[in-house]
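Only one chain is given next, in structure tokens, and it is the form predicted alone.
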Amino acid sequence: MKDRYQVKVEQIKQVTPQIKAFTLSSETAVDPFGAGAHLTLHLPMGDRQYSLINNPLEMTNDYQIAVKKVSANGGSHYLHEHLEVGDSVLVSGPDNYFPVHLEAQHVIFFAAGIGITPFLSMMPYLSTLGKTFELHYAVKNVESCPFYEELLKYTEQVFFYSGSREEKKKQVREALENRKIGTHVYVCGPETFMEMVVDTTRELRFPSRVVHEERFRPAAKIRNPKPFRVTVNGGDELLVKENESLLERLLDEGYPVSYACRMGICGSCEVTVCGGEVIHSDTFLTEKEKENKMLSCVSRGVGEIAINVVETNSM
């Protein structure tokens, strides 16, 4: 896993009554990042991931994130109510599970609410490279939407949706219809909005490889997990206990499986399933991929399964 290090809160900006932007700096050079990357903040109540919103081609020695206050006692509450300029924060990363695919002939971004954040780094990045894109942004009303002034730089490329759900659904479909081959779709926002966009891409027969989703929501935990046996690469037979993951067992046995998030959202710990039944608990794999793959950090076998592990360097 990546090393943890301290950064300093250089600036706090009130973007809207519920959203604050934080500039985090370091006395030493910080690692560069790609558009769509996020930073992990290690807070007293647990780890939280936030998209980096500054242009990766223009970063100096700081990271910028935007956080919406969504609870009375969670990570967003802590950042809004307790973090002040000059404070230090323990972080790791940046990591990128939502990268820009430069082979795309055109890019369509769909965002709702605070889901705009990853696209704030992607848009200037693509613009600098001369790539074409457009943003479709669902908001309660245009004037009070976050980062409205920044979005005005892309007047002809930004489209706001502020009607009912049915109106938004119609607008999403119209935005996706009759697109040229090579168009990639990116979506980030509340779960219901993301499902609406993804479902529409399926209806219009977009290949799953060109539809990209940003999800920081951990996979739902399997209730009352049971032990299961696994045959690895046609040889070793291992027992995965009820209180451990397949990933943990594989690592303990010396299999150098790659991993990053351990929450079922990044796909790093994917293994091939050769036989047996699997209870999937990730938010990364498509339904088609789940037919012969699983994420070893969160998904579990039923009874006995067989898998193949490609040996790579662990992260």
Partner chain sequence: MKKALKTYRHVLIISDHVHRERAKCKQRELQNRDRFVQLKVISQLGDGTVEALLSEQPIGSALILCGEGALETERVAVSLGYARNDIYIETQQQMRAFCSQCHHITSLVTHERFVCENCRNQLEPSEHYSSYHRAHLAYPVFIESDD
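Residue numbers count along the first chain shown, from 1. No experiment lies behind these values; they were computed from the predicted model shown.
Unshown form predicted together with its partner chain; subsequent notes refer to it.
Of the heavy atoms in Val210, some are within 4.5 Å of its partner chain in the predicted bound form. Proximity of Asp87 to its partner chain in the predicted bound form: non-hydrogen atoms within 4.5 Å are absent; the residue sits far from the partner. Not displayed here, its partner chain is kept clear of Gly163 by more than 4.5 Å at the level of heavy atoms in the predicted bound form. Not displayed here, its partner chain is kept clear of Asn243 by more than 4.5 Å at the level of heavy atoms in the predicted bound form. Taking Glu149, Glu103, Glu81, Glu143 one by one, only a single residue has any non-hydrogen atom within 4.5 Å of its partner chain in the predicted bound form, and it is Glu103. Think of it this way: in the predicted bound form, its partner chain has a heavy atom of just one of Lys169, Arg179, Arg229, His77 within 4.5 Å, and the residue is Arg179. With the partner omitted here, the stretch from 201-209, 155-163, 111-119, 230-238 that lies within 4.5 Å of its partner chain by heavy atoms in the predicted bound form is 201-209.
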